[in-house]
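This document contains two forms of one protein chain, each encoded as structure tokens and listed individually as structure 1 and structure 2.
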Structure 1
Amino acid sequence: MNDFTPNPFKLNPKSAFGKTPTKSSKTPTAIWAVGGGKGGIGKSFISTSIAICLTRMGKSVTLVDLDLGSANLHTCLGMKIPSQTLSDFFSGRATNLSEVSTATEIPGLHFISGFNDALNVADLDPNNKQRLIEGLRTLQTQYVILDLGAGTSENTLDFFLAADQKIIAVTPEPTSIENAYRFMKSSFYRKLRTAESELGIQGLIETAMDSKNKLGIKSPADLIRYISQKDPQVGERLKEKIGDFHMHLLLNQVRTREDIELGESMKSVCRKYFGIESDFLGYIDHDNAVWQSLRKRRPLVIEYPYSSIVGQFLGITKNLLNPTPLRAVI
């Protein structure tokens, strides 16, 4: 790739280098989460790049590292580990998230580190998890970007489901694709669990998650149809409950036209398998500039501002700011 490819999006110098934008007290904080299940697919690179693109568009952003226990997002930003992290928030040494939020050298961008080798996101108790989710909404920036860890622990899924925009990162490799589908399936069932007691379907979701169940349920869409056949009224209420479960697919490390076509293919599978319309946000090319900027401990958007990848990220960020309306189709 040519690092000097003209950027198709004009950056606003005032938002990039001028006064830091702030959130109006009447404007709710928007939370975006980047997940995908598998490690090594570029979630931190994607989270960092989208966060910086938002600041270049005049938005204030807090980037949160939720890969607790092995957090390294500070490296992508070229920062040292902050003196205060989420560990201080969970332990009570900090009373709110603002106290563990650090201003970065990038105007408009704050950072919250999850660094603590002794703490893993899976170990969070429900109270601390709820405190964190509620605290994210109180941060005084317009946007909060969550960089989720690998795996499908309940807490990771709950952070993902708490987001307003849910981004699934995937690379065009069999293991990444398989893990992305597993992450989507786990997220979907976790979403259904929040409604099972209210709708009187306790135990049914656990049964459905067993691929060898005797009910013939092979997918989330099968489960919804099964419930609708047994009790149409409950089925309709369940569809309403999951109506806001929408995901955005983002392909990373694309090399060929065939790789790009994977985005639409996965979108089609989501519709058939989950019974929802997902959105293909776009793709990011494979480029040596990525590892070069990481080695320099500098965000690619800053180190190579005229790279074609920056234009791709700006386009993806604009798509997230103006998402296509999606609806359940089960």
Structure 2
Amino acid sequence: MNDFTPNPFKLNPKSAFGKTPTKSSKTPTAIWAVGGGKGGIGKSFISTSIAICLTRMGKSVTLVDLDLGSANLHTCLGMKIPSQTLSDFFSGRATNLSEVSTATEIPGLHFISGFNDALNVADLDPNNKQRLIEGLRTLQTQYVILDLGAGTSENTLDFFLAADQKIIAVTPEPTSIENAYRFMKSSFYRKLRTAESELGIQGLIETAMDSKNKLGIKSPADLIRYISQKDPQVGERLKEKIGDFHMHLLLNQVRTREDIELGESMKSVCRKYFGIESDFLGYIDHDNAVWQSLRKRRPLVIEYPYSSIVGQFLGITKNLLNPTPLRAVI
């Protein structure tokens, strides 16, 4: 396609994008995580596409495959398995995370593979997890994008909670919706656990949860409301602690208009249930181009740069970078 028009995303190391922008040492690396609970809803596809869109906006990005045990992000990127992967970092063969980072053929994009036959996300020990999270912050790119695996294992939740931007991928199917909520609930309670130990209010939450039926506590929002009533000061601090638990909902494989409304509905349900603001980031249409590009083992953004989904991804990436809502001026 597009033989007659210049392809703006054509890989040309001499183009304006050819120079890899390096992070100034003052600005910390921003971590974005893509999770969602269910498998096969496009988490890897979304993280790859957002990462490439970010490089198109002149940012430097490291894409990290944290789907340990079934890492396949290199295939999404159309690469071979890099010689160095996260397992080298965990085993100590590589002391620095940047040693296992590989430059890709896409200017500005680096890649850390999680590929290892023996490594599973559940087996990751806490020391290595901490080392990894700290290592991600010190990477020399402006943005780090984590592609999380399916399921709600503790380690996956911790990576998700460590991120600055938490993206929940969901498709308009009951199974995906259920797992997305499951994932949100699990990560929310994990967040609550750390917050309560930091505030020293385990007792308060435990008593509330013990008699939750008597108190009518059915959701986290009720729990927080109850704690605020019991002790307004603690309630305020708790709200502050969990205030950064802000999720972005991203609807993938949208086929009808009603599907899009699901995004707004889920946002409202999250607010009523968790008592916390989340936002509906946008939606990606269901498109055969995704499947075709995957078959070719080439990222969609590179293979079909003029497709409507790439436009949607660019919009979503812009939203994440600069979350000012667009308002019609009348």
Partner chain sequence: MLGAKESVNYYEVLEVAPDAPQHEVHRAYTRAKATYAQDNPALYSMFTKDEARDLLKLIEEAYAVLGNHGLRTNYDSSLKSSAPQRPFTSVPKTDSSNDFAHHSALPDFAVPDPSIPGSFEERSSPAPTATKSEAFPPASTPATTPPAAAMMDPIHAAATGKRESILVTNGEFTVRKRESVVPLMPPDTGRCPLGTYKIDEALEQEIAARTEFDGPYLQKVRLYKQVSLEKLSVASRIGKTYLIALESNDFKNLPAPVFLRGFLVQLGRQLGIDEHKVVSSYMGLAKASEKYSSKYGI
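Please note that residue numbering is based on structure 1, beginning with 1 at the start of its sequence. The term rigid core refers to the maximal set of C-alpha atoms that superpose within 1.5 Å between the two forms. Nothing here was measured: the structure is a model prediction, and the numbers come from that model.
K.L.:
Only one of structures 1 and 2 is the form predicted in complex with its partner chain; identify it.
P.N.:
Structure 2, not 1.
K.L.:
Is residue 182 one of the residues whose Cα moves 2 Å or more between structure 1 and structure 2, with the core superposed?
P.N.:
For residue 182, whose C-alpha is compared between structure 1 and structure 2 after core superposition, the shift is less than 2 Å.
K.L.:
Is residue 136 displaced by at least 2 Å at its C-alpha between structure 1 and structure 2 when the rigid core is overlaid?
P.N.:
No; that C-alpha moves by less than 2 Å between structure 1 and structure 2.
K.L.:
Is residue 198 one of the residues whose Cα moves 2 Å or more between structure 1 and structure 2, with the core superposed?
P.N.:
Yes, the C-alpha position differs by at least 2 Å between structure 1 and structure 2.
K.L.:
How many Å does the Cα of residue 225 travel between structure 1 and structure 2 when the structures are matched on their rigid core?
P.N.:
Residue 225 C-alpha displacement between structure 1 and structure 2, core-aligned: 2.5 Å.
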